[in-house]
Ligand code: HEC
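We begin with a single chain expressed as structure tokens, specifically the form predicted on its own.
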Amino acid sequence: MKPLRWHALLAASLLLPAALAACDDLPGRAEPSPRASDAPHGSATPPPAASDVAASPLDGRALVEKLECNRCHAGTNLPEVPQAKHCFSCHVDIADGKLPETAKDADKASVPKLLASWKPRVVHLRFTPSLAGVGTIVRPEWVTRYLLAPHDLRPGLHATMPRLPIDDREAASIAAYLASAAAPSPEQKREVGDVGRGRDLFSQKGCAGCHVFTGARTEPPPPVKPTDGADRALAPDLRYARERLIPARVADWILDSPSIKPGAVMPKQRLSRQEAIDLATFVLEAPLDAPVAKLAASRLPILDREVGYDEVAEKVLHKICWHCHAQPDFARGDGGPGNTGGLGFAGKRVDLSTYEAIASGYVGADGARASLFSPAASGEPVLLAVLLERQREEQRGTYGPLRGMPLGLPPLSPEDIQLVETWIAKGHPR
């Protein structure tokens, strides 16, 4: 296989699920159903109320299989997937200087050059948390809310959990399945320590070296580097600990998390029991500043110059978007969740790999083709509307009826969106 084809394979196959930019419906018209949309990005379902939602662990297991959670996560109790369909194991191999299984038939002489070319591009998405034993430490009701409205829980990761095509009962069923075999004893009570001592220990024991604790006025950790391991990359923002974690287990978790949850990456700590209790009390009770409102991203004006497809493809579409909207021929039959389907999303045939493919649009719920340049409910062209919606999701922290893109990744920069908007406004020329 020629090196050029392997470059395309890396972008379209190895990185396909890695971007987590799955989509089954682009944006567009609002639908009566909370699950489906006639345009390529579907409508969102708001998080359930605090009241219990009927849930079934058995249904949850079936959903974990349907949503292909094992493409990203260990600990699902499902069979391992082939590396070509795994979200990040190829990235790990490349980062370690090894040729992924999906590229084993590459010409041996070209391997060093391929690895040298690929390695700088796989900085992100090398780690995801294991789902094994989630119920030993995480509240099922929090898992339900998080699945419906994911947010940036782990600042050391570039990607976040994508918003999957599920409703409140399905989210609750998944949470029940993940918690079903690992819930702690209801008799266990939380031991309360001293918040002030816990704050001092947080700094003295190095907790601030990994964990962001937004609003607690702790020293922020240094930025995660490509050479850092999973323990730093997966460290959650502790602001969410009091709603996310089972309070009675936090001190035990701080002392020895691997003994509580298989696959936990936080190492066993050299602490006394009382120190762990004080730290847990600080995490669960420290006064927190109110969240800082995020500023709305600027909407830049149309460029006063010509913008062609090649520039848009190089700077935007082939850099991010075609990870999940790719050519099946380059990806061993898998065009990504936004094209041939996957991760619970139906294939909408959104192929962003060539000008001709983009011009062919997408397949709506009625089976008919529609244009990516047709207006969404906002009046903006669909292709532009999903990019702007991702900015709005990040700014407001909530989801609307439109599914913003790239799903599970940071919004595009205002400059990148300006480029796409200019291209569309000028008639999306070839």
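Residue numbers run from 1 along the displayed sequence. All values reported here derive from a predicted model rather than from experimental measurement. Basically, rigid core = biggest C-alpha set you can superpose within 1.5 Å across the two forms.
Omitted from view is the form predicted together with heme C, to which the following refers.
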- Task: Look at the stretches 214-222, 189-197, 294-302, 314-322 and give the one with heavy atoms within 4.5 Å of heme C in the predicted complex.
- Result: 314-322
- Item | Interface residue in the predicted complex among E380, E393, D59, E68, criterion: non-hydrogen atom within 4.5 angstroms of heme C | E68
- Contact assignment for heme C in the predicted complex, among I277, L238, A172, A179, heavy atom within 4.5 Å: L238
- Message: At 4.5 Å between heavy atoms, is D152 in contact with heme C in the predicted complex?
- Response: yes
- Are any of the heavy atoms in P287 no more than 4.5 Å from a heavy atom of heme C in the predicted complex? no
- Message: Taking heme C as it sits in the predicted complex, is P267 near enough to touch it, meaning that at least one heavy atom pair lies within 4.5 angstroms?
- Response: yes
- Look up in the predicted complex whether D231 has a non-hydrogen atom within 4.5 angstroms of heme C, and give yes or no. yes
- Query: Which residues from 374-404 come close to heme C in the predicted complex, meaning a heavy atom within 4.5 Å?
  - Reply: V382, L383, V386, L387, L402, R403
- Message: With a threshold of 2 Å on the C-alpha, tell me if A116 counts as moved between the shown form and the other one once the core is superposed.
- Response: yes
- Any chance the CA of I358 moves 2 angstroms or more between the shown form and the other one, core superposed? no
